[in-house]
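As a starting point, one isolated chain is supplied in structure tokens, in the form predicted on its own.
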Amino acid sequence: MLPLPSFQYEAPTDVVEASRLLSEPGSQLIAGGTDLLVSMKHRLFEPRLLVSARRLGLRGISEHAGWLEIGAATTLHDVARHPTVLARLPALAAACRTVATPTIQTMATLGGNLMLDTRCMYYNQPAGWRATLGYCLKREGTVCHVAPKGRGCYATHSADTVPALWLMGAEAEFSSARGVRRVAVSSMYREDGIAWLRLERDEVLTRVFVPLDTRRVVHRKLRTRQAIDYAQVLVAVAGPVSPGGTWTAVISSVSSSPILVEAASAAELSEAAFRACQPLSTHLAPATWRKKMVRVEVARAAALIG
């Protein structure tokens, strides 16, 4: 059993205090902890202070003026089973249900999934395993083993709920001592495996807003086992708003940020997605196979829309 590193723990009762604590060097926010605590055992993160979100009042789901408002600390289990999500946003429910196992879904939060760390087979390993390779660029090392001659980190974005929320036009609310800002989920990520979020360190993700008049979206996840595993390819597809309109897909788990693709038809969409995605060897599965499966999964999702 891998032990956790030593840390201090605070559970503030308001977001401003949480923001103040997060502004201190070596602090980190924890919600469900299903990913963070494992990463801490692997010494990928060694925060001096963990700031808990559990007493910030960030759980719950409600409807306001055509939007579904979801507290960032609401569990994936609760999101997936909410009547409005099931009836109006089934792709979001499906995405929540494909995260790990039902047991983990009762602890993991929607906000935590949106903020999920990027992943790579050279990075998401215990410290002793990483040491045998001389570590990696994202943690302790100087070389990205995926692309040793490259200049950046190619760890992949693999958060299940993001492609569907992106296509639904969802927005995220961040709070800090400076105030509140609300941004599109589609603008939260950048092509950088190390600094994958457009976020200030003292900001707290408080709520996620999803429009209820969104067009139909289908979620697809390809993984080695139908439980536990992160995606080899992650896809969401939305059909045209009106006949002759544009088909849209967001593909993840093939790059450090989700990839948006548009086309005039379902057939063209799958081919455009195939051309746009260039997976690298960040997973155990061959990158060439994952690239081919992008075409397959986009086509399967589009067929479900009809």
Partner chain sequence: MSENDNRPAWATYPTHTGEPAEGGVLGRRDAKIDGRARIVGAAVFTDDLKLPRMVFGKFVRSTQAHARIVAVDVSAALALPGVVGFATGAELPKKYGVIPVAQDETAMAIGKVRYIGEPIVCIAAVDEETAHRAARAVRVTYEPLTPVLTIEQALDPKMPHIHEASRKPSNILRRVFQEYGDVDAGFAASDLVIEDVYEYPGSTHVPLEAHVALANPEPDGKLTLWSSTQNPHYVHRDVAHVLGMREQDVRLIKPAIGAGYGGKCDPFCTDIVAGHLARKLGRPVKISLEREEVFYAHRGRHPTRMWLKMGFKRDGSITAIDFKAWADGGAYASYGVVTSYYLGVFMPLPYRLENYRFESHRLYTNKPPCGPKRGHGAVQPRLALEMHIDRAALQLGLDPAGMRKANCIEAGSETCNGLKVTSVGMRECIDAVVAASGYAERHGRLGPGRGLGLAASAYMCGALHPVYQNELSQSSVQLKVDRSGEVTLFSGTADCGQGSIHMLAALCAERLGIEPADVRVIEGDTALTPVDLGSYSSRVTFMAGNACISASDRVRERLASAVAAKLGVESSALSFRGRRVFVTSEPERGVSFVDAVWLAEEMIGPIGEVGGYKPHKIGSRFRRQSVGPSPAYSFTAQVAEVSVDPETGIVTIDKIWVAHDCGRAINRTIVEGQIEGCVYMGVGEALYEEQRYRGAMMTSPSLLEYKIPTVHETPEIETFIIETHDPNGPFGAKEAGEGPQLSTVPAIANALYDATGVWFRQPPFTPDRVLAALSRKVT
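All values reported here derive from a predicted model rather than from experimental measurement. Positions refer to the first chain, counted from 1.
Below: the form predicted in complex with its partner chain, not depicted.
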item: Met1, Arg119 and Met293 all contacting its partner chain in the predicted bound form, non-hydrogen atom within 4.5 Å; value: yes
item: Per-stretch contact check against its partner chain in the predicted bound form, the hit in 120 to 128, 210 to 218, 173 to 181, 70 to 78 (non-hydrogen atom, 4.5 angstroms); value: 120 to 128
item: Partner proximity in the predicted bound form: Trp289 to its partner chain, non-hydrogen atom cutoff 4.5 Å; value: yes
item: Contact of Thr224 with its partner chain in the predicted bound form (heavy atom, 4.5 Å); value: yes
item: Any non-hydrogen atom of Asp229 within 4.5 angstroms of its partner chain in the predicted bound form; value: yes
item: Contact label in the predicted bound form: Arg59 to its partner chain, heavy atom within 4.5 Å; value: no
